[in-house]
Structures are given as structure tokens and as C-alpha cells.
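Just the one chain here, the form predicted alone, laid out as C-alpha cells.
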Amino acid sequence: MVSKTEETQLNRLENQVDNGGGGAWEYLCLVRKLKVRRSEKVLKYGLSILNDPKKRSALGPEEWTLYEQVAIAAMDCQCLDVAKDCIKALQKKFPESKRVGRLNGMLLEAKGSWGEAEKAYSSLLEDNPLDQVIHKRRVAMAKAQGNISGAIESLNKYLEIFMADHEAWRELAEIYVSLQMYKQAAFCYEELILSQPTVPLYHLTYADVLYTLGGLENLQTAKKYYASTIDLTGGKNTRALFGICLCTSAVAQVSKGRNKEDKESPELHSLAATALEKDYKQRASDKLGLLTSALRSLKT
């Protein structure tokens, strides 16, 4: 994730280059370092360097890094002829490179030649079954074609090999949520919480999924994870505070007529409601009446 300082630095450098103040190479390096996607700018300023023999030769070995960067930007911008020329230059320099082979596969994707791209990726995986980038390209390719079941299958196969890839677990969870496959999504979030227990977002989204699933046990667990989100964020997560109130109300409804052990004390609900009211007074006082009305409707 890009910090505010890094984003400010990038924007300042971009404005400098846009206004003719130089620094195109430094800008391209920073874009690459921060792993951000500013394809139109990269294409424009990258080509200005590559098309100038003096500037290009001054880069030394970094020339080939720029060819790769411009090729990817050109594919993003659907300038496929430019991408093809960049990849040709890289193939001439590195004829046996698997990395260049991946770029070829991406170019086939950009053209919509899905079958050929799949063949290219399969061939590369035969040589190196642990190539993470290619596995991820296959997931992206399935999603681009609207083949969600294929994307799920590819992600599950990928996670069998690379179990510690948090982004892949999160992507799979989000796909499951979009398909209303909440039990499968819950499993993904459990994996994320086990590997990164201090990330509030995972606690929050897991609680959301459990609340959606419903049932006494899921609601009680959801409430605990909303509480842990509040704890991890220093009491400043409005969504989690609302979650506490919603869970408490839902548990009360589900527990009607059950043993007293199943019923919960309204204390946590009261604390969450008080924190919400305080927050709304400070940040959205005009909505305070609406909040009070909503909380009153959640009878516990």
C-alpha cells in the first residue's frame, strides 16, 4: 500500500514532468517502485526515452527494465503495436527468457486470444510449476472472460501451493461473497486471521460474513469479531460499532424463548451505542437524530 507521503512525492514528480521540468526517468522508477498503475503517463514518458537513442543508451542495463514497463503500460492502454515492438526488442536480447514469455502471454490476453494465452502459460508452467505470476495470470484471465468458476478453481489450486499468499485468500473470499457462498468465504477469512491476526479488516469482514449467515452461534461469534475490530482500531471503527448493535439485537430475537444462558447482557450494546452517538456528534451532528432513531429500533 502506498503511503500518503509516497503518493504526494509521486504526484509532485508527475506534475514536474507534465510541466516540462524534467525527471521522467525518476518518475518511471518511482512508479515501478511503488507498484502503482499510471499507464498513460508511463507509456508517454517511457516512449519519449526509448525513442531517443541518447537517453536510451544512458540507461545502461535499465533500458530493458523500461522496455518491460512500457510494454505492460501499452497493453493497459490497448496500444498493442507498441507492446509488441517492446516485447520483440526484449526477445532479441533475451531469447530464452521466461519473463519475456510471460509478457507474450499477456499480449495474447490483451488481444483476446484466450486459447493461445492459455497454451503459452501452460507451456511456461511445465518448465516452472512454481511460477506465481503465471498462476495469477490464469486467475485474471478466467475473471476477464467471466469464468468465475474457473477463477475459483485456479485460485484454490494456487493456494494449495502458495498457502501464505494473503492477497489470494482475500480475492477468493471476495469472489465467494459475490456469489453468496458465505461458508466458503468464512473459511478464507479464518485463514487470513490465523496468518495476520492484527489486521482489523479481516476481523471486520469475517464478522460481516458470520452476521449474514445468521444463526445464534454465528451471531455470537460475529459479535466477538466486531468487538476485536473495535479493540484493534482503538474504538474508532463505526462499522464494527454498528455491527455490535445489530448482533446484540439479532441474538435477542433468536434467543427468545430459549435458556437464559443463550441471552446476552446488553452492556456491550450500550457501550457501542454511546460510542456511535459521540462519534456522530463530532463528525455528523445533522445525522444524530437518524442514528438515535435507528438505535432505538434495535430493541434488545
Partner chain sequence: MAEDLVLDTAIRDWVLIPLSVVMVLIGILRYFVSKLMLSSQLPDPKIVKEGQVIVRARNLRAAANFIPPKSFRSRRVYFSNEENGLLFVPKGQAQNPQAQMFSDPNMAMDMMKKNLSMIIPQTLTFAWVNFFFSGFVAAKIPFPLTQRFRSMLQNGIDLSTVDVSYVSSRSWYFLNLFGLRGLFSLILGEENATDDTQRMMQMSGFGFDPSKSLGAEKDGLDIVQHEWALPKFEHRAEAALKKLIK
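Residue numbers count along the first chain shown, from 1. Just so we're clear, the structure is a prediction, and the values are computed from it rather than from any experiment.
There is another form of this protein, the form predicted together with its partner chain, and it is not shown here; the text below is about that form.
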- prompt: If we take heavy atoms and a 4.5 Å cut-off, which stretch out of 145 to 153, 223 to 231, 82 to 90, 68 to 76 is in contact with its partner chain in the model of the complex?
  reply: 223 to 231
task: Kindly indicate whether E190, S195 and L271 are, all three, within 4.5 angstroms of its partner chain in the model of the complex, using heavy atoms.
output: yes
query: Should Y121 be classed as touching its partner chain in the model of the complex when contacts are defined as heavy atoms within 4.5 Å?
result: no
query: Heavy atoms within 4.5 Å of its partner chain in the model of the complex: does Y202 have any?
result: no
message: Just checking whether E171 would be counted as a contact of its partner chain in the model of the complex - the rule being heavy atoms within 4.5 angstroms.
response: no
field: its partner chain contact in the model of the complex: S178, any heavy atom under 4.5 Å
entry: no
query: For the stretch 150 to 181, which residues lie within 4.5 Å of its partner chain in the model of the complex by non-hydrogen atom distance?
result: E160, I161, F162, M163, A164, D165, W169
